[in-house]
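This document starts with one chain, in the form predicted alone, laid out as structure tokens.
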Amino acid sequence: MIYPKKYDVVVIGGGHAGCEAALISSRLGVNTLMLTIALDSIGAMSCNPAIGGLAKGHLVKEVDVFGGEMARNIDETGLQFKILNKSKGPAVWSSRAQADMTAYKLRMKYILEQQKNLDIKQETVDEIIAEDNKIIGVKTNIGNEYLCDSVVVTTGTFMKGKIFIGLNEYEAGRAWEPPSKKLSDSLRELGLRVGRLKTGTTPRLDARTIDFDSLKLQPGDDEPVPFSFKTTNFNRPNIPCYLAHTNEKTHKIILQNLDQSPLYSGMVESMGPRYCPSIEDKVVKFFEKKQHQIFLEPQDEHSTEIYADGLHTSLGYEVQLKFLRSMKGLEEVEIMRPGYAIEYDFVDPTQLKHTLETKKIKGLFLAGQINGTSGYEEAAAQGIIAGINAAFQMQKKKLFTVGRDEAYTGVLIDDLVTKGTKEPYRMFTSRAEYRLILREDNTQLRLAEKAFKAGLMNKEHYEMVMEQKAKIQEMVKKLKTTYIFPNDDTNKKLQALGTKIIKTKTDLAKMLRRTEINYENLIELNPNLEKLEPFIKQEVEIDLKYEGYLNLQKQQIEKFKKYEELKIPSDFDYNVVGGLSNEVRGKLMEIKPSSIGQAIRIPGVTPAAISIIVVHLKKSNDKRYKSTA
């Protein structure tokens, strides 16, 4: 039947991208429907029981500022919290939390079910219906048609998913869950290029059969920091993880059984994740390494299941058990669920705009692994942007984009739509050229104004952030105009702090730039300085200690913006531009960059080609100006 209620937005999929898309769309006041293959799997963690990690923590906090749920959900259900890279510079600090997988998905499902303007139904979408290149609805496996104006597709690994365990294979979107067999064919019929990728997961082990006493304890931070800026009264457990290692015997077993690996037997031909390789790949490609780290992580506070992080494998069950038992502490281990590889359809993301709307079909947005990414956090970041824009399009508002100079979310999306990917894309701090400015700690400070103007943050929260920002700026200015003098008392204090004495009057900002000096030390040198709350103090220290580097990156961003402001019309005809090679012309016509800045980032587009396009644009604009005059 044609369902009697028309929706503004339909979200396909209930994973991390789908949850954020559906929640933000409905929170923005548009009637939203989530359609998912299994209601019980909404918010499920298909792979590792953790949120955050290197660069991924940045994405989670950005989703939080834009009105998302992932940060609050892990704060309510986490088992251990830790800030990674704390001994290094603030540009690479990243939050990570172990999750209670069951509690995480149950809370997310509850939040969705309580959300106003959101309906949730268990049906499999087989077809996306469009007329004149515009979305009009979707059709499900039981024949229902749901009319709508926008669709957000967040299918994860479910489109024609196929699972491999040794030489055994079967169709599934996730272990023991049915795949979506027809949707990718529908996307092809709409004119989208669809490819194939692979990822995998690890065996789940029975904690009762592990000798934890022989393994190294890996606790969380003693003073954990929440992910969400809205979380108060934070008090979560600190349940430990454990560190194990493979050894030469483990590697020998794996090498002797590569004929049972679908990755090496030719059964799987698609590309897997380079930065999260299987244990088979690690042993083969890093043959010189005698051992690899394996982190044993709890999946659930009230379960004995243990996730073996670092041990992704698709070898046969018997081989998995054999190589596991070759490791110290796992001599008698039992497998509760075997590791497996999964192959699935994805859509080439260069067919998307920065809004995550497809260029071919108005109202069709894609988010998550369908765009070639891996990871819950990358999915959530795309989901919230797609959901915002699906809602804004309905409300006839200007669509919402995030630049790579503003957020890691911007880096992620720009990389996908400009460069595409031939393997599952994973976010790293090294992908962000302005990472000292795009830190995790200053996420609210740099994005609050953007979120508030777009209607994604309420006025009370925005004003609180602006007060913090003003306080930081005020203190930085004060320290630059407050001095200490080279007298005996001052120099004795400096020597006691393990730093050089001064010979001329020196401002406190200059003192704070010294590696061994922090804000509390400044109070010892000048007791008139006020005590600061921890966050303000941290930001003041970072702003002054890294001031030179921050100013340099700000200059680089200004230069970057000049290229971004040189817009290329969507109907620009590259065929009339002389001097371009066929290869360059083909890439530009395929991606259709919206600016000279984006064109520069397309692989294979040369500086000479950019110069030619700029000259042509200038001549075109001059002609338009003269004709208008």
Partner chain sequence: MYDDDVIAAIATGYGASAIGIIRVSGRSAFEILKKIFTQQPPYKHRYLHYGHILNKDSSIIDEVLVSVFEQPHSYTGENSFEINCHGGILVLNKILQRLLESGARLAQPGEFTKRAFLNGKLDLSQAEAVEKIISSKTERALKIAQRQLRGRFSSKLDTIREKILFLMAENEVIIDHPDEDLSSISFEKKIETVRNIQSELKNILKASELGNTLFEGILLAIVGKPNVGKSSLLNILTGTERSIVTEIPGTTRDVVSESFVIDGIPFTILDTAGIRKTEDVVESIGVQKSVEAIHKADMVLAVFDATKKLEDEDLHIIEHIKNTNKKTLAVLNKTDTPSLICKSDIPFDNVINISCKTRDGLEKLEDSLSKLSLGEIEDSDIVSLNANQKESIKNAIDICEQLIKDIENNIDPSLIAVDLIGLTDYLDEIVGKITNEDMLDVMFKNFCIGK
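All values reported here derive from a predicted model rather than from experimental measurement. Residue numbers count along the first chain shown, from 1.
One more form of this protein should be noted, the form predicted in complex with the partner chain, which is absent from this view; the next part is about it.
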Using the partner position in the model of the complex, report whether Y483 sits within 4.5 Å of the partner chain, counting heavy atoms only. no
At 4.5 Å between heavy atoms, is E145 in contact with the partner chain in the model of the complex? no
4.5 Å heavy atom contact, K562 to the partner chain in the model of the complex: yes
So in the model of the complex, is the partner chain close enough to N85 to count as touching (4.5 Å, heavy atoms)? yes
So which of P240, P277, P224, G316 reaches within 4.5 angstroms of the partner chain in the model of the complex, heavy atom to heavy atom? P277
In the model of the complex, the residue from R196, K139, K282, K160 that sits within 4.5 Å of the partner chain by heavy atoms: K282
Among 282-290, 321-329, 176-184, 122-130, which stretch sits within 4.5 Å of the partner chain in the model of the complex, heavy atoms only? 282-290
Those residues of 410-448 which, in the model of the complex, come within 4.5 Å of the partner chain by heavy atom: F428, T429, S430, R431, R435, L436
